[in-house]
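A single chain comes next, written as structure tokens; it is the form predicted alone.
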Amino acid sequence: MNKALRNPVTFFLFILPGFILMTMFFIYPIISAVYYSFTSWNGVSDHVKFIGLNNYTKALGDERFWISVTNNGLFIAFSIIIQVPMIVFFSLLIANVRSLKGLYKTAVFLPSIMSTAVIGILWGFIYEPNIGLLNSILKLFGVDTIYWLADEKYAMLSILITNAWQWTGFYIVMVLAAIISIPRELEEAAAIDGASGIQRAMRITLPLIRPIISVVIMLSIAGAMKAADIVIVMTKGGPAGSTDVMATYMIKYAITNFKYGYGNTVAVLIFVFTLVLTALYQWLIARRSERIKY
């Protein structure tokens, strides 16, 4: 048996199935997307016309494309500036609960396992201008009707809040796992020395969970760059394309308008932007988060 495991052919046979699947569902689609991004093709006909960098020039010169890029940036900014601090805050609260901790973890995690279509429809009712819960509450304070999903001033914010509500619980469970893994002796020793709960959280818990917070931020960046389903369900990119993200912009051209070559160009740009952002984050910030050893 040991002799067989030392045989290079054995290792090759073990990795072959995974390599075939990776080639079929990852490597080949990327190569195919790059190839078709240099063409003019409707995705149906046999005629594929090579047009060089024309698609890239068109995309980078299209104002609507840059609106979609900006909206992806808003997803990232909202996640890092608002969502991540909320995740850490609620994780610390739940970690210090002495009873019904399992109930709280289940409650915050529940939206993450729900379909995005269900989430979008549910919040669509909440944002409904005439009978929606949000406007009904605001009317009690004399606020006029707000068209949350039909007004360019509020539509993107409404989507960001909905998306954060769906995924905050998933990240809370991740951070909670890191907090729970911290040896209790550290906090007990700090408590004996007279440190308050806030001091223990700021000087012990937060530094020790910094690596998992870094992971949460990186996952948030990647998730923000591929956001599409929540936008499609809630606004379809409207009003007037103000809530389009790069993925929905790509779908409109590749599928709705049968501009498959141009759609692949946008897909390649999404891949490149995501790769650059995650690489920059890893280089500038994430690598400074040292692996914690207790």
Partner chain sequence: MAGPYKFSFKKMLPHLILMIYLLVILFPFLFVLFSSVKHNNNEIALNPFGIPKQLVFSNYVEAWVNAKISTYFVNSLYISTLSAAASILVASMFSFAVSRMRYTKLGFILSSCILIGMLIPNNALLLPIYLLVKKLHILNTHWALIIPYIANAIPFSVIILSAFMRSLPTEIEEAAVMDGLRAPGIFARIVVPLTVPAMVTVFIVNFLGNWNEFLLANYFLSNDELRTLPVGMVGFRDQYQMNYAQMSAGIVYSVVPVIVIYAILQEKIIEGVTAGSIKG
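Source: prediction; values computed, not measured. Positions refer to the first chain, counted from 1. Rigid core (definition): largest C-alpha set, two forms, superposition within 1.5 Å.
One more form of this protein should be noted, the form predicted together with the partner chain, which is absent from this view; the next part is about it.
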Q. Within 4.5 Å of the partner chain in the predicted complex, do Leu186, Arg200 and Ala279 each have at least one heavy atom?
A. no
Q.
When the contact criterion is heavy atoms within 4.5 Å, does Asp62 count as touching the partner chain in the predicted complex?
A. no
Q: Decide whether Ser115 counts as a contact residue for the partner chain in the predicted complex under a heavy atom distance cut-off of 4.5 Å.
A: yes
Q: Would you please decide whether Ile76 lies within 4.5 angstroms of the partner chain in the predicted complex, comparing each non-hydrogen atom pair?
A: no
Q) Hey, in the predicted complex, does Arg210 get a heavy atom within 4.5 angstroms of the partner chain? A) no
Q. Thinking of the partner chain in the predicted complex, which stretch from 200-208, 68-76, 187-195, 167-175 has heavy atoms inside 4.5 Å of it?
A. 167-175
Q: Quick one: from Ile81, Ile180, Val143, Leu100, grab the residue that has a heavy atom within 4.5 Å of the partner chain in the predicted complex.
A: Leu100
Q) Is any part of 34-55 within 4.5 angstroms of the partner chain in the predicted complex by a non-hydrogen atom, and which residues would that be? A) Tyr36, Trp41, Gly43, Val44
Q | Yes/no, Leu280 Cα shift of 2 Å or more between the shown form and the other one with rigid core fixed | A | no
